[in-house]
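Single chain ahead, written as structure tokens, the form predicted alone.
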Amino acid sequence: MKLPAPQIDDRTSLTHALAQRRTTRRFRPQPPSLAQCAQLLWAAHGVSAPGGFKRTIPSAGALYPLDIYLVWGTDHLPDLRPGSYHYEPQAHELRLIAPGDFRQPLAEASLHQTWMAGAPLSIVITAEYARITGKYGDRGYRYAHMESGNVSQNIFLQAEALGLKAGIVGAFHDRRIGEIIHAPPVHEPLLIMPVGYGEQDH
């Protein structure tokens, strides 16, 4: 699925987004739009310059060991049915991996953090360590984790700029999360970020 082009001329104040950023665990049922989902994914790991070599986040050696998955759980958007999707940054596309609403299994595999299932979507950040350890050895593990921190902060700030809220989860059963989102075994989950409209937003 080709996604709407990212908006790179937004005038939202970075200072405002930083000041408003909060980890949120209560969401309204209303889902973000497809354009908002596209913007979140681009902010997380998208291509930011012609040629495809520069992304919205830094990466050691420009090796980009991370992959981004979208777990979408509602049928409120005609163009996006519930399922697990892989984000393809070069083409700015979503590829459906498996259909179905996986939000509840995702929450159960995250030590039964049931609040996660209330978010219309979750972004799962994974690492394929071999892409970076081949050059940097064991140091590559640290670089991949640093990169995931940059991705998660971009998601937090982009969510705020879009009028959305995000949570962040690092406690889960790694293998089970990978199975739920139908990721290959070499894509090891690092973080899960539920996103949606905050319950108290108007």
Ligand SMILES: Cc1cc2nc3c(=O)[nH]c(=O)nc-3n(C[C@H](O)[C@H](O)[C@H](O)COP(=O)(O)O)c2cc1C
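All residue numbers refer to positions in the sequence shown, first residue = 1. None of the values given here were measured: they were computed from a predicted structure.
Beyond the structure shown, there is the form predicted in complex with the ligand, which is absent from this document and is the topic of what follows.
Residues within 4.5 angstroms of the ligand in the predicted complex, judged by any non-hydrogen atom, belong to 163-171 and to none of the other stretches in 56-64, 32-40, 135-143, 163-171.
Within this chain, residue 17 is remote from the site of the ligand in the predicted complex, having no heavy atom within 4.5 Å. When contacts are judged by a 4.5 Å heavy atom cut-off, residue 182 does not count as touching the ligand in the predicted complex. Contact annotation: residue 129 falls outside 4.5 Å of the ligand in the predicted complex, judged by heavy atom distances. The shortest heavy atom separation between residue 23 and the ligand in the predicted complex is within 4.5 Å. Taking the ligand as it sits in the predicted complex, the stretch 98-116 comes within 4.5 angstroms of it through a non-hydrogen atom at 113, 115.
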